[in-house]
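Taking the form predicted alone, here's one chain by itself in structure tokens.
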């Protein structure tokens, strides 16, 4: 039976199933209370976790999102059941950390990860097209570095405890969430009382959805960045068929739930500053390509024992804290005043700096420089 399941999950239909489940569950999570066009967003939800821990004090985006915990623990369960849990680490961890930092800065300039870009489009937000264009260009640049010998080096098998650190961290977050730990009047955990952080589905619904997605994504190797990379690098449409299924399933589900509103200005938790939507996701796509996976894929890899992926995840959480503490993140369009949202001058500098850093990493970490 396990061999049959393994073959199915490795097939095109397996990754299509995973994408469709992600799209449907994301739309249902929105209907159950998660923010509009943000039923699932790895970058936004990791930002919320950073806020809940007090790493930033933006009061409207603070909550320990059970979906993130579920993604990693679901991947852990799948890896253990199918004997794929393998502790490994040691492949340029400091570089991976800062790739995670800049990936988050780029994602928050756009206000979403690749999954949310697809879900925003499935909800009628046409700004997502600009973001997906930037993501594709960023990944394409990363592919050129891969072709020219870019390599972060091989990770090595290491002590089992290394592979368990990130799942244990997520289990600790779940404990804090379930018991609603509050260390003091001005101490963590912090939970938003307004804004996107206050919009959340019931814990058991969010956690259950996360566990299922983590399990399926680990088995199918679902990855949005990888889907673009494979099309450009090998003309392989295996993974991109799952991404297409995510978009289609989310759109159909949103139509059924009345959650589609086409437009550009004033979309939920989004801005229409097109240049920085494009460049922000361009930075994120380049960082994902250089790190070897989108933020969801990094969570799943960390769940199966990859310490390097765990470092990238911690880099993204740190990047979220930096983005809000230094006013780098995008602000939504203001429908009431008619003011265009977007990023300020500090955010613009951070995105450009991130692009420069990622390009330097790409050029200098090729085999001929080793």
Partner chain sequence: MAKQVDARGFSCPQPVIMARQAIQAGEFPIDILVETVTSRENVKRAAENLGCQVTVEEMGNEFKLTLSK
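These numbers were taken from a predicted model, which means no experiment stands behind them. Numbering follows the first chain given and starts at 1.
Missing here is the form predicted together with the partner chain; even so, the following discussion is about that form.
233 is the sole member of 212, 178, 165, 233 with a non-hydrogen atom lying within 4.5 angstroms of the partner chain in the predicted bound form.
Under a 4.5 angstroms non-hydrogen atom cutoff, the partner chain in the predicted bound form has residue 86 among its neighbouring residues. By the criterion of a heavy atom within 4.5 Å, residue 271 is excluded from the residues contacting the partner chain in the predicted bound form.
In the predicted bound form, the partner chain lies within 4.5 Å of some heavy atom of residue 221. For the chain shown alone, residue 241 is not a contact residue for the partner chain in the predicted bound form, no non-hydrogen atom being within 4.5 angstroms. Of the stretches 131-139, 107-115, 150-158, 201-209, only 150-158 has residues with a heavy atom within 4.5 Å of the partner chain in the predicted bound form. Heavy atoms closer than or equal to 4.5 Å to the partner chain in the predicted bound form belong, across 6-39, to the residues 6, 10, ordered by sequence position.
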